[in-house]
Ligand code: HEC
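Shown below, as structure tokens, is a lone chain in the form predicted on its own; questions about how it binds or moves come after it.
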């Protein structure tokens, strides 16, 4: 017997919460993806999305009436009839469960969503050298561009699909007057059928997944590095590990991590010390033997030898060019193109070569997105 006359209880509370968590987590992850310093938040929302995707797939097999995949209407003829009837009959009856359009949307969303979370986890490991797959960076760093494209365009595709879904719901609400907008709020649909009954064990499973998803989010944002976001590359103490490089180069300017330029660029830099960016460095400042030691260190740790994101992207952008200045590279220009020139003239920065002003751990070889300062 139905609880409300003229309505069917279709979506239980756990399903509704999960639905809105999926919508909010994807939207938040999508928005935060456009800010480098929001990567940590992006990953946290991404893990919620991942857990919800897993839940919905499992729910499709064990869930209650109207939730399981075997109730979906996936025949092309059913989809065709749905749209024909939708156009011809404004006041047609809607099914209690998924109609053909929402059936296809759910399957498509879960498929694309799975591509998004899998590519995202792999990208996080391969490109950022973080997370459960951080060790993949050593051997598969060159695949970061492919993974990035898959992750990005799958997300755009999902966003477009969501927009189509929302449009369909609004048409149902305001043209067909089915009250569809409120179905995922109240759980009731204005139609005919039998109410959903959820067994206590299934309810417990829904609440457990909600708890795991939220707990994972707060666990990630509570600290910069934990087992889900642990980084492969960390803080480098150049003063302790490479004292000659630190002392001689750091005496006059910031310490630049060697992996930001290729070997030939460092050779050109060290060969032109008589005019070192407008300054003359003589043998009295750095002896020939010391120069040779520093050059050896720079070339052994140059961009070609490193798998960090900046090193790989730097080499990818350079092609055959070997500039002496990091700020002259295509990679640097691309990553800083949205920063107004006026920012580089501020007292705290003074010049675009002052990387330390924006990257807090720059002189320790860490260009982590979370270490970028934006407030000047």
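These numbers were taken from a predicted model, which means no experiment stands behind them. Residue numbers count along the first chain shown, from 1.
From this point on, the text means the form predicted in complex with ligand HEC, which you will not see here.
A.B. asks: Scan 310, 318, 54, 38 and let me know which has any heavy atom within 4.5 Å of ligand HEC in the predicted complex.
C.D. replies: Going through each option in turn, the one that passes is 310.
A.B. asks: Identify which of 220, 249, 210, 293 has a heavy atom within 4.5 Å of ligand HEC in the predicted complex; exactly one of them does.
C.D. replies: If I apply the 4.5 Å criterion carefully, the residue I get is 249.
A.B. asks: Can you work out whether ligand HEC is within 4.5 angstroms of a heavy atom in all three of 11, 90 and 99 in the predicted complex?
C.D. replies: So, no: the whole triplet misses ligand HEC.
A.B. asks: In terms of non-hydrogen atoms within 4.5 angstroms, which of the given stretches 241-249, 150-158, 224-232, 76-84 touches ligand HEC in the predicted complex?
C.D. replies: Of the options, only 241-249 has residues within 4.5 Å of the partner.
A.B. asks: So in the predicted complex, does residue 303 come within 4.5 Å of ligand HEC, heavy atom to heavy atom?
C.D. replies: Residue 303: no contact with ligand HEC in the predicted complex.
A.B. asks: May I ask you to check whether residue 190 falls inside a 4.5 Å heavy atom distance of ligand HEC in the predicted complex?
C.D. replies: Output for residue 190 is no: heavy atoms all beyond 4.5 Å of ligand HEC.
A.B. asks: Does any heavy atom of residue 359 come within 4.5 Å of a heavy atom of ligand HEC in the predicted complex?
C.D. replies: Yes.
A.B. asks: Evaluate residue 32 for contact with ligand HEC in the predicted complex, applying a 4.5 angstroms cut-off between non-hydrogen atoms, and reply yes or no.
C.D. replies: Flag for residue 32 set to no.
A.B. asks: In sequence order, which positions of 256-285 have a non-hydrogen atom within 4.5 Å of ligand HEC in the predicted complex?
C.D. replies: Read in sequence order, the residues that approach ligand HEC (within 4.5 Å, in the predicted complex) are 256, 260, 261, 266, 269, 270, 273, 276, 277, 279, 281.
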